[in-house]
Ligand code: CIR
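Okay, so here's just one chain, in C-alpha cells, the form predicted alone.
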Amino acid sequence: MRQFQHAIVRRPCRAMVDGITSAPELGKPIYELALEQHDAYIRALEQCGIEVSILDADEAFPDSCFIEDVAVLSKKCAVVTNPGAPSRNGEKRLIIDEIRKYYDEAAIHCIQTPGTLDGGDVMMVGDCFYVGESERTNTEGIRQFGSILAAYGYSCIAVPMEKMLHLKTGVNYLENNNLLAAGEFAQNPLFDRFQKVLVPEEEAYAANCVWINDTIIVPEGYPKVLAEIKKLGYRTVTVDVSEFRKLDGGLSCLSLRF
C-alpha cells in the first residue's frame, strides 16, 4: 500500500547542541554524528519509496530539525501548528513556503494563539486524528485543529496526557489496526480497539517508530520491539538516532510525511 509520496526534512544545525532536553544525563549531541545519522534517516525514507525534500539548517532554531512539530499534512489540507515551546514557536514561519509547493493556499490553515499545537502530539489513523493534550498542545489548540479537520470530513479525538512529552513519544499507529503503545498509553481505553504491541519499559524509546508504505522504520538498538514488529509481517529498516534522542527527539520528529 502506497499512502505516502513525499517527505520534508530539515538538516540539523550546529546550534542543536543547545537544544531543549529533559535528559541532560545523556550528554550533548555530537553534531557531526547527528549529520551522519540524519543522512541515514533520509536514505531510509527513500527506501520506503518517497521523494524527500531537504531544507537547509537554520541556526536561529536549535531544535528545528524536528520538523514534524511545525505542521500536520493530510491528503486534503495542511495545518501549520503553533508550537508550545517559546524557543520553537518561530519555526512555524520557516515551513509555509515549502508547504505551498504541495497545497493550494485555501487548504493551508494556521493554529492561532492562545491555541498551541505540536505535530508530535498528532497521530493520524485513517480519517481520524488522535491529539495529545500535553505541555506543548493545549485545549484551545485541539479545538481549533478539530474545527479545521471537520471541514474536510476528518475527526479528532483528544487524548489526556500526564507524563510523556508528546503523544507519539509513547503511541504510534502502524496501519492494519496495529499500534505500538508504551507507558501511560499501554492501557488507555481510547486505544482498546487496536491490536496493541506493548513496548517494554526498557525499550520505551522504540515506541516511536514510523510506518511508511508497508515498511516500518525502527530506531536501532531495540531488539525486542524490532522482533515484535517483524512478527507482524512488516518490512523493517533500522536507523540510529541516538544523537536526536539526547534532545527528546524520535524518528517521527525528523520528518513530515504525506
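Quick caveat, the model's predicted, so the values are computed rather than measured. From 1 onward, residues are counted along the sequence shown.
Keep in mind the form predicted together with citrulline (CIR) is missing from the figure; the text below concerns it.
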Checklist entry - Should residue 20 be classed as touching citrulline (CIR) in the predicted bound form when contacts are defined as heavy atoms within 4.5 Å? => result yes
Next on the checklist: With the partner left out here, check for me: in the predicted bound form, does some heavy atom of residue 241 sit within 4.5 Å of citrulline (CIR)?
Outcome noted: no
Item to check | Any non-hydrogen atom of residue 253 within 4.5 angstroms of citrulline (CIR) in the predicted bound form | outcome: yes
Next on the checklist: in the predicted bound form, does residue 165 come within 4.5 Å of citrulline (CIR), counting heavy atoms only?
Outcome noted: yes
Checklist entry - Pick from 98 to 106, 182 to 190, 153 to 161, 67 to 75: which stretch has a heavy atom within 4.5 Å of citrulline (CIR) in the predicted bound form? => result 67 to 75
Checklist entry - Taking heavy atoms and a 4.5 Å limit, what residues of 224 to 247 are near citrulline (CIR) in the predicted bound form? => result 247
